[in-house]
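As structure tokens, one chain now follows by itself in the form predicted alone.
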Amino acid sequence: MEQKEKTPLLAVRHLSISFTQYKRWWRREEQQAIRDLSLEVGAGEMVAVVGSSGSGKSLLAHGVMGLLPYNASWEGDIFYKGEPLTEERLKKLRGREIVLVPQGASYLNPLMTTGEQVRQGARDRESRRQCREALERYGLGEETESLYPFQLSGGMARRVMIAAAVQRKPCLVIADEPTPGLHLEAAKRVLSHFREMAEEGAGVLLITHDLELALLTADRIVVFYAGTNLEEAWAGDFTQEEQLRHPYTRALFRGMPKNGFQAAAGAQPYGDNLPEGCVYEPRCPWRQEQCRQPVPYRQLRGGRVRCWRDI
């Protein structure tokens, strides 16, 4: 008897996001920021989206959470627990079942103390106890409850946002760059807490530029570049360069300090400079004529890749 494939907690299918802009002489243009992006996160799984600044990682998080700016438009499909994640459904789930750990401390209310924000306004004894436990879990003392955001360091504010986001034991956590501003041991501790949440049954989508940190805790790595995903690989694939499927992922592997810190030539394209076909084609050492055509995202050796070549 064939086993049914398990429904992913979050499924993003062929997502594209663009922005309406007005340039000289009020000329209206659509600038694409994300193109044909697909990924999945299962319950009990931690998936890391890795890419450099400007690759579209945070935009993915805001798109899933329904927090895109007014001049943004999108197409594609987003499913949560197998059902379309409509705007109406998202309003009921956001902040409860689905939470975002945002990148900036500006998301904290400057007029409320840390304790009030972690407790989400509750004042009963049990809520206060849970608040203290949550803060202690992220290395913050009881005195932190009475502090306002302006009294927190950048690292403290980031940990407060994590504590507030996970207070209700959500099913899906989207963590947008949760570790910058933290020293290495604190960063590892924060990611270990997300790992614990995944092991307890939640799905965790970690968005980060730090590949080495992601490999410590994630099950799978999704590599972003110029607004799309080029490869999806198991964390274990990064033990050897030959196991990786895309030349950009291999360049990231060689760029890690333990692998020689070798920088790849060239730079990531943006906006109007995006190639028509493979976005990595101008930098790729193996480019060919076929690479100037749209490249499908396909299965290869237990992962997925956006490349014509079976490397």
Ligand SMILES: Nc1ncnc2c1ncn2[C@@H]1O[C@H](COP(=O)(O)OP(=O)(O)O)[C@@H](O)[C@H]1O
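Numbers for residues come from their place in the sequence shown, where the first is 1. Just so you know, these numbers come straight off a predicted model, no measurement behind them.
The same protein also has a form predicted together with the named molecule, omitted here; what follows describes it.
Among Phe19, Gly56 and Leu59, does every residue place a heavy atom within 4.5 Å of the named molecule in the model of the complex? Every residue of the spot touches the named molecule in the model of the complex.
Taking 4.5 angstroms as the heavy atom distance cut-off, pick the stretch from 247-255, 282-290, 47-55, 22-30 that is near the named molecule in the model of the complex. That would be stretch 47-55.
Among the candidates Gln240, Asn71, Asn109, Ser192, the residue which, in the model of the complex, approaches the named molecule to within 4.5 Å (heavy atoms): Contact residue from the list: Asn71.
Contacting member of Thr113, Gln103, Ser127, Gln167, with respect to the named molecule in the model of the complex [4.5 Å, heavy atom]: Only one listed residue qualifies here, and that residue is Gln103.
Taking heavy atoms only, is Phe261 within 4.5 angstroms of the named molecule in the model of the complex? Contact with the named molecule, no.
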